[in-house]
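Starting off, we have a lone chain in the form predicted on its own, written out as structure tokens.
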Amino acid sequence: MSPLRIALLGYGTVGSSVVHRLTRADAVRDLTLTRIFDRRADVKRRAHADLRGVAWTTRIEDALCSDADVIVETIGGLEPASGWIQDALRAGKSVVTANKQVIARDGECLLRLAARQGRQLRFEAAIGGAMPIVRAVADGLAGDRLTRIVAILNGTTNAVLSRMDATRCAIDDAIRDAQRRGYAEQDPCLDLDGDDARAKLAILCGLAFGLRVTPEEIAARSAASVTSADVEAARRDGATIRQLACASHDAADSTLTAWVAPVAVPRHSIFGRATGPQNAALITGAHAGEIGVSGAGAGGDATAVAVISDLLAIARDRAAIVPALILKPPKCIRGFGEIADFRIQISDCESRMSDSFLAEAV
């Protein structure tokens, strides 16, 4: 079978890492990059004259109407990305995306469209970078009834908070360090305020529990207000502060408890050990119990790993269909409940939070 032809939308941090993986000397032979769309393609092409055999374009139509088998979308944002993914699927192309906002809001209808078109829509890169949580939840644990997910889903915020813990610096200094290392955008508010993690958690609620949840329905508290004094107080209690995304589903009464917030976690826990841009998750099933996964969650290289993995999945079985999600809204969505603020340590919560799963999570 001929190599899978790939057109890339967006040559930014993630897109450039994907291009590097697809075009270097030890690139996977089953994958061939044929076209790159970017609004600044004329400028970027001059800086990458070594990319022979790859056509650059500033016109989205050139990519969508090309002979590519798969469109890789890395531009981010809801629009025009969602519309372009629809156009690609209607043009008979499979799609791999790293766009958590699109999947969180339009994933259900996009998967239905892909199934009708006989094409694949894959989005491992939308959650967790190199941490394979989408496959773990959707495929690896499909034989269980999942009840809970507790996770670090934003590598940028984890890099900031773990830097504060390691060096005792202020949050502004930790943010600048994350920006220098390529883990944080110039404006990190979407990460620190929990918007990024809420979108990812909404997707996981669909995959794990079959629930239709929008990011805005998930309660969130910002990590931007965490101070050096807060970190030091947690340290004295044998803890460290992490931004957690938590979702628990009670199928009996269709109640979802979901929130994103910075909380103090035991230093020895899977979350306390996650430093820098790492992500980590504990997934609880009714039969298998707790399953842990972790991995690099921020940066172009980590996300490119997930993109390449999805491309290889398509290359290995081009006729496969990713089933459309059949989701229903929960009857009730609860937020923080009795969780007063992040200064409460998980290890101290059990006696005061009988209605919360958080005490058992780590």
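So that there is no doubt, residue numbering starts at 1 and follows the sequence shown. No experiment lies behind these values; they were computed from the predicted model shown.
The same protein has a further form, the form predicted together with a small molecule, not shown here; the description that follows concerns it.
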Q) So which of 163-171, 253-261, 194-202, 223-231 is the stretch with heavy atoms within 4.5 Å of the small molecule in the model of the complex? A) 194-202
Q) Is there a heavy atom of A184 no more than 4.5 Å from a heavy atom of the small molecule in the model of the complex? A) yes
Q: Decide whether T156 counts as a contact residue for the small molecule in the model of the complex under a heavy atom distance cut-off of 4.5 Å.
A: yes
Q. Heavy atom to heavy atom, is R148 within 4.5 Å of the small molecule in the model of the complex?
A. no
Q.
I'd like to check something about R119: if you look in the model of the complex, is any of its heavy atoms closer than or equal to 4.5 Å to a heavy atom of the small molecule?
A. no
Q. Between Q186 and A170, do the C-alpha atoms lie closer or farther in the model of the complex than in the shown form, with a difference of 3 angstroms or more?
A. farther
Q. Compared with this form, is the Q186-D173 Cα separation smaller or larger in the model of the complex, the difference being 3 Å or more?
A. farther
